[in-house]
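Single chain ahead, written as structure tokens, the form predicted on its own.
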Amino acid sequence: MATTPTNNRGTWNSKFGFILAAAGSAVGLGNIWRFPTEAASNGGAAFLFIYIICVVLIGLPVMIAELSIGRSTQKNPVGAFKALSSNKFFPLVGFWGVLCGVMILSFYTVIAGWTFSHVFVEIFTFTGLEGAANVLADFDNGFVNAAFALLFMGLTIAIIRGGVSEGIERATKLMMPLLIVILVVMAVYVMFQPGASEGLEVYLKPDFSLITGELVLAAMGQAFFSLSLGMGALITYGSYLSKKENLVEAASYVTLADVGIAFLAGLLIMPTIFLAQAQGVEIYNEAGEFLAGPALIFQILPELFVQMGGLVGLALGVSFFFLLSLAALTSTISLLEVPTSYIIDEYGVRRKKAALYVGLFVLIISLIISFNTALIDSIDFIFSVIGLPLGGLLICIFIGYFWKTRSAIDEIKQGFKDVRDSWFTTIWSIFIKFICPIIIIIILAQTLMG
């Protein structure tokens, strides 16, 4: 197989650019939508407290591990494992990560299309075009799903074709600050509305009696998924990092950004849920269970925006779904970059062609899903719910017992010269060898049994 030169792969222009891109990879619909609904369903502030602990104990060590593999080899996930070990199994681990990225992107593009279509649903509803709004809001309409999936994939391909610095870094430098500004403005507005204070209290005032084994496992799972671990995205992004960068510091900033945006999303969504209830919108089903996930995003909140009425309702609705679209796009970029990097490195294809070929291949799967959205749950379970923790577990095993943590520390040392004299070396090694694998196995076992 051909190996392309590094200049065909690209590099980050700055640490700030990398942090925004990596944070953008992590900050997707999982942070803006899944995290707040998980918090609402699992004790609010108690869930937030356990989630932050899990991010630090699981997410950060695994992220540093992935970045060290990527920067050490400056290759995609498959090529990285080939370069670091003669064991034939671990390149398959890298390929599993690439495959997970492809399959997650295939359905994620459809869901991302839903978020963007609802920008127009809000506009059409406000202008009285109920028929057009109902057509766009119908998730069983395969042609509408396909059209918006095509639009979203086209935009993602265009950014990836632009390269690492001129495409990914430039786009995320624009989108991430805009995303944060919209989040803050909307959260501040909602917090001062009638009924919102109850949501704030639930979100910020912990009741530690609500902490159960189920809550802890839910927080562990959310921490893992929200950081884009286990699918090779951070190995790929790490491969574009300069040897001068401090990996521990960079990973800490990315983790902090991810947690910060998840927290901001909670400040928006939790008060909004109780604001909706105060407006007479039903937020529980007949069994008394909280309406989370798609029901919350595409039913409860649009109904709230309609009831608020006027330009305020329109502005909030359009801003909210535009926010979701931005978050989705920052994730589709990293999801497409992983297989694109694989094609560039392993087959010597130029970036513009590789991005186009991979994007069109994924789009074909997305179009099939567009006309049969029932496939989303199965693909999500196999490649996201099971696939990502499995990938993270195998990465920990690889670093802990094959490449060895001392080799990873040697790589980390290049940008952190005193690392061997710090507490980090011992603590991180223990977590990668023992604590993270055990916790991930518990998450996988609980998921499979559940």
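Don't overthink the numbering: it's just position in the shown sequence, from 1. Small disclaimer: the values here were computed from a predicted structure and weren't measured. Think of the rigid core as the biggest set of C-alphas that the two forms share within 1.5 Å after superposition.
Below, we turn to the form predicted together with a small molecule, even though it does not appear here.
Of the candidate stretches 334 to 342, 181 to 189, 147 to 155, 296 to 304, only 334 to 342 has residues whose heavy atoms lie within 4.5 Å of the small molecule in the predicted bound form. Remark: all three candidate residues (G30, L229 and A233) come within 4.5 Å of the small molecule in the predicted bound form, counting heavy atoms only. Only one of V259, I104, A171, M220 lies close to the small molecule in the predicted bound form, with a heavy atom inside 4.5 Å, and it is I104. Checked against the small molecule in the predicted bound form, the residues F320, Y108, F90, Y240 give one hit for a heavy atom within 4.5 Å, which is Y108. Contact between I50 and the small molecule in the predicted bound form is not found at the 4.5 Å heavy atom cutoff. Mapping the unseen interface onto this chain, F225 counts among the residues with a heavy atom inside 4.5 Å of the small molecule in the predicted bound form.
Though the partner is left out of this view, C396 does not reach within 4.5 Å of the small molecule in the predicted bound form, counting heavy atoms only.
Not displayed here, the small molecule is approached by L388 to within 4.5 Å at the level of heavy atoms in the predicted bound form. In the core-superposed comparison between the shown form and the other one, the C-alpha atom of V93 has shifted by less than 2 angstroms. The Cα position of M175 differs by 2 Å or more between the shown form and the other one after fitting on the rigid core. Relative to the superposed rigid core, the position of the CA of I32 differs between the shown form and the other one by 2 Å or more.
Note: the CA-CA distance for I157 and M175 expands in the predicted bound form relative to this form, by 3 angstroms or more. Between L105 and M220, the C-alpha separation shrinks by 3 Å or more in the predicted bound form, relative to the conformation displayed.
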